[in-house]
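Below you will find one chain, with nothing else, as C-alpha cells; this is the form predicted on its own, and questions on how it binds or moves follow later.
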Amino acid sequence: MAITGVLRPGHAQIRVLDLEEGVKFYRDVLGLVDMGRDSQGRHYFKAWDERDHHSVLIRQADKAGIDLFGFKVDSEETLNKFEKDLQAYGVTTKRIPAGEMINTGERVQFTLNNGHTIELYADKKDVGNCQGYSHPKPWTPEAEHGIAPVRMDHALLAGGDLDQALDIFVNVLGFYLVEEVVAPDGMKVGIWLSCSNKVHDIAFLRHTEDAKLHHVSFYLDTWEKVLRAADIMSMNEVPVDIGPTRHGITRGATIYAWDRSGNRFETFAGGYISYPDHKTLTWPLEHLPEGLDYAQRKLHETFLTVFS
C-alpha cells in the first residue's frame, strides 16, 4: 500500500536518572549506535538498520519517563496541513525550530489530554546504515553488538483520556484502529493504532495517572533474536518483567524489561501485516491475560501497575 501522511514513528525522548549509566545501557546492552550529544545534554542513538540520524534520545532528569514521541511525515506540505487540522480540532500546537534537535527540521508539537507530548516532523538527516545504497551487504558488525534491534518500533503510552487520543490519531492524523481491549461496559481500556501495515505504530492504555510511559519497543527480526536478547539481559543483570513469550494481542514475540532508570522497554518480533480495511480485533477485558501472555494465559500484575 502507498504510505502517505504519517510515515512511521521517528523518535522517543526518554528521561534517565544517570546519563552516563544510561548511555552505557542503550549503547552496550541494548546495542544502539551512539550518535553523540547536543548542547542541551541530550544523547542520541539509532538502531543499526535505521537510516535517519536518530530514533532515541535520553536526557538526565530527577524522574524517569518519556518527554515526547515523534512521527515522521512525508513532506513539509503534509506537516503544514496537519498543523492546521490539529488547530481546527482545537489542539494547541507549537513550532519547534529546525536544529533544536540535531539534524532535524521543524517540528509541530502538541499535547494530548492524557498528558503526552506528540510531535510531527518532515525532515531528518539520512545518515544511512553503513551499507551504502548500491549492492549493500545484508548486515553490519553493529547488528551483532548487544541486543542490536533493527529499529525503534512503537511506544505504549498511558493516561486518562484514551478517547481523545483515539479520535485525534484516527480522525486527524489518519491512523486506524487495529486491536482494542474493551471492558464489559463497552469502555476501551487499550488501543493499538497503525499508520502503516505494521500491527501497531503507537498504543495507549487507560490509566489513572497521565503522561505515563509503559514501554518503548525495539524490533528484532526473529524469535531466535528475542531469545538471544534474553541471554544478553541475563548476562548484564537486566531486570526482566515478562517473557520471553508471545502476545495474543498483535501475535508478537516479546520480552519486557527495565533500563537502569526503571523505564520499561520491549524487544519485539513478529506480529502480522495489517491494512486499513481490516476489521478491528476486539479483546474482551476478561481475555486480557492471554492477550498479554498467550503461553501462560496470565495477567502479570506489573503490566498494569508499573509505569514511569
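We number the residues from 1 along the sequence you see. Note that this is a predicted model, so its numbers are computed, not measured.
Note that the form predicted together with a further copy of the same chain isn't included here; everything after this is about it.
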- Query: Does a further copy of the same chain get within 4.5 angstroms of any non-hydrogen atom of Arg15 in the model of the complex?
  - Reply: no
- Considering only heavy atoms, tell me if Asp231 and a further copy of the same chain come within 4.5 Å of each other in the model of the complex. yes
- Query: Using 4.5 Å between non-hydrogen atoms, is Asp185 touching a further copy of the same chain in the model of the complex?
  - Reply: no
- Though only this chain appears here, would Pro276 touch a further copy of the same chain in the model of the complex if you measure heavy atom gaps against 4.5 Å? yes
- Just give me the single entry in Val170, Ala98, Ala88, Met235 that has a non-hydrogen atom within 4.5 angstroms of a further copy of the same chain in the model of the complex. Met235
- Contact segment among 135-143, 208-216, 108-116, 88-96, judged by heavy atoms lying within 4.5 Å of a further copy of the same chain in the model of the complex: 135-143
- Query: Looking in the model of the complex, is a further copy of the same chain within 4.5 angstroms of a heavy atom from every one of Glu20, Asp38 and Arg264?
  - Reply: no
- Query: Who in 79-110 is close to a further copy of the same chain in the model of the complex, meaning a heavy atom within 4.5 Å?
  - Reply: none
